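Have a look below at one chain only, the form predicted on its own, in structure tokens format.
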């Protein structure tokens, strides 16, 4: 049993239930843990504090339990049951209108380093740590116990998220399939709208589930508007806009695969071909060169993360400022801009300041009508505020 002892006075965050132990807080390690092993954390005085996965890097331990005892054989089953109960509380489980959601959201569900998205019975898993990758067989077994016949398949998609220097065999594929399951892109329901999800080839786990409520907000505002959806991926916002009564929607993304799925999603929801356009182009270049002033009444700006670490923060803020200045300057008078950041290192205050600077640069009168965030299935652990990564503003531009 590997014991990790903290430096004197460096146990305060653990006592406040923060789920990370930083390497700088470690005084000594009794044992020779391999990355991903379960280790036990003690105060300088020898008091047991926590158990978690050992890893190489600035975060030395990702905490799984604050009891300080060995994990029980029922640990994974109990943790997944607790995660499911939280989704039941959100009204997502067995909803008639939505059958896709995030089942496990890392620290938000007490399972740091693990993401599981649920697509109508298919659980798509991503391990962001060696410990979670090594535990995937146990996680799969627990999923079968918790969901029973509701579970159709478990797919591991960790090749792009697990630490690549850890010597892991990172090959995506099915861990388990029910005999009745037929592999292939999955058609799911979200707020009554149908989407084709390709979790084997698509980005992340196949669909950006964290924008579900914000897509519904676009639907509320879209009636009678000409809409531009930038960084559209497979057209989630576009489908909602047309469902809300938009006169036309143009979807722009640099990925030809994503654009091909936009058309399929439009067809799935019964929208006429003339009501939408799919444009395979760089979204920033399209906005700057191809988009005429005042052409669109509603613009959605939902770029990928511009900063994945603190060293990229300032460049990211400048990028958000340039992008939003272009959108604010282009939108029609009385138009709306839905703008987002999913960069975890960009907090909501910094993002709001970047958008303020963008608005000031254009000289237009801009009001904030709403502030947006991630939905309930992407819950934030109150002891881990770093988990609040998605932020957005709804702007009214005169």
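Everything numeric in this text was worked out from a predicted model, so none of it was measured. Numbering follows the first chain given and starts at 1.
What follows is about the form predicted in complex with a small molecule, which we do not show.
Colleague: Could you tell me which stretch in 219-227, 83-91, 128-136, 254-262 has residues with non-hydrogen atoms within 4.5 Å of the small molecule in the predicted complex?
Modeller: Going by heavy atoms within 4.5 Å, the stretch is 254-262.
Colleague: Report whether the minimum heavy atom distance between residue 277 and the small molecule in the predicted complex is within 4.5 Å.
Modeller: Taking the distances in the predicted complex, the answer for residue 277 is no, it never comes within 4.5 Å of the small molecule.
Colleague: Taking heavy atoms and a 4.5 Å cut-off, does residue 232 contact the small molecule in the predicted complex?
Modeller: Contact check for residue 232: yes, within 4.5 Å of the small molecule in the predicted complex.
Colleague: Can any non-hydrogen atom of residue 304 be found within 4.5 angstroms of the small molecule in the predicted complex?
Modeller: Residue-level check for residue 304: yes, a contact with the small molecule.
Colleague: Determine whether any heavy atom of residue 281 comes within 4.5 Å of a heavy atom of the small molecule in the predicted complex, and answer yes or no.
Modeller: Judged by the heavy-atom cut-off of 4.5 Å, residue 281 is in contact with the small molecule in the predicted complex.
Colleague: Among the candidate residues 75, 208, 271, 101, which is the single one with a non-hydrogen atom no more than 4.5 Å from the small molecule in the predicted complex?
Modeller: Only one option qualifies, and that one is 208.
Colleague: Of the residues 315, 247, 177, 203, which one places a heavy atom within 4.5 Å of the small molecule in the predicted complex?
Modeller: Result of the distance check: 203.
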